[in-house]
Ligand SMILES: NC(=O)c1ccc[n+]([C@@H]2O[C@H](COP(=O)([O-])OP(=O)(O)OC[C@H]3O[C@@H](n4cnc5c(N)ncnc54)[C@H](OP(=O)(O)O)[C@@H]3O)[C@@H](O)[C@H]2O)c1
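Let's start with one chain on its own, the form predicted alone, as structure tokens.
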């Protein structure tokens, strides 16, 4: 099969190339998905699972990409709940070949049926951004109606979903970003927008929840915005210190069928919108994923017709 492969840890995304690669096959409780659309997260090239299997053995060249939408092509022994030809969407495993390929093997428990009224490109933009936002707000922060939440990078993939979910649950939402993001963030439903380029964004009143997708100085400065009993949830890096009055939590998104179904239901009902930017075929995936031009929305790779 054709796939995007990486072999050089030091080269990063520029080390990706299109090549022939052994076709994926279904192990026990697996599904082989005939990929129709795939999402990629640049940070995954720093994850151990991209370069090693679960036993620590080198597995390069490896196929990156973990968000997948397509058709069930093959069922492994013992796989139940899905059928060949069914439309599905989900997360490919962290320590196995991913979804930037014509076929990918995925644990059946990490896939959900994809309704016919959601196209593959939209579906492939949902798993990581949607599940990360959901787990940050509702699993790790226990966000509830009447609370306040500050979402960093509110125009980005995770942040834009978090703003919408937080607003829907009845929270007061403050989004941050660059000046060019203001209209987008307020259009998503945020009550306020803060420009991270100004020095006074840290002087606003404290909030119940901070969602940090940036880290570094932004994450560190956010500690002072957590009110007593509040929480800073970050996906950027483990926090160097805890907020004085609350706590900080670092997490890595996990597949969850029930949560992904909740997200899909919101998309179908028009209560949740995702921003798709560039859509490129597999042949042009490397160029699209390494482009420095600013195109709002998530880049999705389309595979096949």
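Numbering follows the first chain given and starts at 1. Because the structure is a prediction, the values reported are computed rather than measured.
This protein has a second form, the form predicted together with the ligand, left out of what is shown; the following refers to that one.
Think of it this way: in the model of the complex, the ligand has a heavy atom of just one of 232, 235, 143, 112 within 4.5 Å, and the residue is 235. Of the listed positions (137, 226, 213, 72), a single one reaches within 4.5 angstroms of the ligand by any non-hydrogen atom in the model of the complex, namely 213. The three marked residues, 92, 172 and 257, fail to reach the ligand in the model of the complex, with no heavy atom of any inside 4.5 Å.
Only one of 95 to 103, 75 to 83, 112 to 120, 157 to 165 lies within 4.5 Å of the ligand in the model of the complex by heavy atoms, and it is 157 to 165. Within this chain, residue 128 lines the site of the ligand in the model of the complex, having a heavy atom no more than 4.5 Å away. Using a 4.5 Å cutoff between non-hydrogen atoms, residue 27 does not count as a contact of the ligand in the model of the complex.
Although the partner is absent here, residue 153 sits close enough that one of its heavy atoms falls within 4.5 Å of the ligand in the model of the complex.
For the chain shown alone, residue 186 is not a contact residue for the ligand in the model of the complex, no non-hydrogen atom being within 4.5 angstroms.
Taking a 4.5 Å heavy atom cutoff to the ligand in the model of the complex, the contacting residues in 251 to 276 are 251, 252, 253.
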